[in-house]
Ligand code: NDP
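In the form predicted on its own, a lone chain appears below as structure tokens.
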Amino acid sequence: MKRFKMLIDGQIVESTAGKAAVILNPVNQEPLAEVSLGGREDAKLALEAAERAFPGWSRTDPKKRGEVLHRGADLVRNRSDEIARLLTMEQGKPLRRAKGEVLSSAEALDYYAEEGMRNFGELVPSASERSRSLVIRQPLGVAAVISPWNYPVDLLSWKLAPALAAGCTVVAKPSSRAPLAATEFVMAVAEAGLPSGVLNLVHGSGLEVGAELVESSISRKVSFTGETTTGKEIMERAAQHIKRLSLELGGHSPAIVCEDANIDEAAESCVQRAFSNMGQICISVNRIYVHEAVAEEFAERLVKKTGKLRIGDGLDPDVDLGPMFSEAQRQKTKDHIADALDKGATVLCGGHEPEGEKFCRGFFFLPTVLDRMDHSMRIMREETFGPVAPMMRFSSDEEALRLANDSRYGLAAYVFTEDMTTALRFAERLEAGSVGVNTSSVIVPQAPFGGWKESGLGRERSRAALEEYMETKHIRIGLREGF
């Protein structure tokens, strides 16, 4: 069985304690690989290496930094089949989806290779002939980046790439539960010509490795994607050193289907966003509010499209949905469904594990559509992170807006209508960092992504992410008398 190691100061190393963990395939719970399991001491060594490397990397010409990132992107693409296969086997998503994720991570490297060369300053107007004011942006230091298991490569790339492009050095901690593909991604980037210590990788738990990365005085920036509860703990610990934070946390995204919506397209979008990656997406459609006049038609089409989804081993090219990531995720989904049924909801399709020998060892669950929902049900207030599309009916736009905003989360929202005035009114008033109008795709490289309310702080993607890894400095220059 292959053993995946760590990267510290340019060297591929075992953990100082020699510990290891076994990663299992969620399709059949068979062992895939061993991972060297680090602790606080390993995280400390990685932070110290990044601190030593920072002066040189931060002063490197942005064009040269970009050239390294472009080479890294090429290496990732060259190894994309291998990395994607690992990703499917450790996380469960279909292979074509895994391949798309890996290629997206290469795109992130290319994007920031170019964006890093556009770090322009400003000349601030001065009221005095004897002074000038310049504003510049400089890399802030060592960045600790912590990524989750649901998109372990893509979400890591959208932290690592802007950090390196900005001139920061990095210590990456991928999810301890899905670290294999992320490790191969990091190793490919490191091989592109990064000086020793600029990019480091440490495996381990959040309680040990994560805590050291957040609490250490060396790290000046922490970027984390994960649960809101964990994000709050990071905020508390990072406050000790007043660190810069980017927190992409939980979501509970509403989709509003208006009376005049294109019902077929709205149903297709909701199926894609509710069930892709088995609903294990922070911007998954978690609540569908449908105008009562079209609710029956929408439900019929939603169920029909859901029934066409094929479930199985992600390595099968004909499969649309793989297993859920863990038994804990599946049980949470079942608990939310049971609570809804107890309070009056109805199951239109799914709601249980698929039958058959090939499903008995994995964490499989059928995509589920629920109707007759209300806000007393847990699934309408808590993030399920599972393949469930719950429907609730509304009678007016004002009611739909109130229901959609009735959440402590604010990551994404969706609205389907043929009336552009209605669309803009909803888009402006929905309390979310991203709003999709007649689409369930709200993530593009050039646009900022992040949450309102308890869905997080800061922004990823676009130029905004580059600035998250930089400090702003004002330089006042006194001038002598002149012509």
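Residue indices: 1-based, along the sequence shown. This structure is a prediction, so every number in the text was calculated from the model and none was measured.
Below, we refer to the form predicted in complex with this ligand, which is not included among the displayed structures.
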Mind telling me which stretch in 185-193, 307-315, 354-362, 220-228 gets its heavy atoms within 4.5 Å of this ligand in the model of the complex? 220-228
Assert contact residue (this ligand, in the model of the complex, non-hydrogen atom within 4.5 Å, options Pro254, Gly204, Gly92, Gly72) equals Gly204
Would you kindly say which of Leu321, Ala84, Val214, Leu401 lies with a heavy atom within 4.5 Å of this ligand in the model of the complex? Val214
Are any of the heavy atoms in Arg273 no more than 4.5 Å from a heavy atom of this ligand in the model of the complex? no
Do Val76 and this ligand share at least one heavy atom pair within 4.5 Å in the model of the complex? no
At the 4.5 Å heavy atom threshold, is Glu383 in contact with this ligand in the model of the complex? yes
I'd like to check something about Phe449: if you look in the model of the complex, is any of its heavy atoms closer than or equal to 4.5 Å to a heavy atom of this ligand? yes
I have Pro174, Ile234 and Leu249 flagged as a candidate spot, so tell me whether each of them has a non-hydrogen atom within 4.5 Å of this ligand in the model of the complex. yes
In the model of the complex: members of 86-121 within 4.5 Å of this ligand, any heavy atom: none
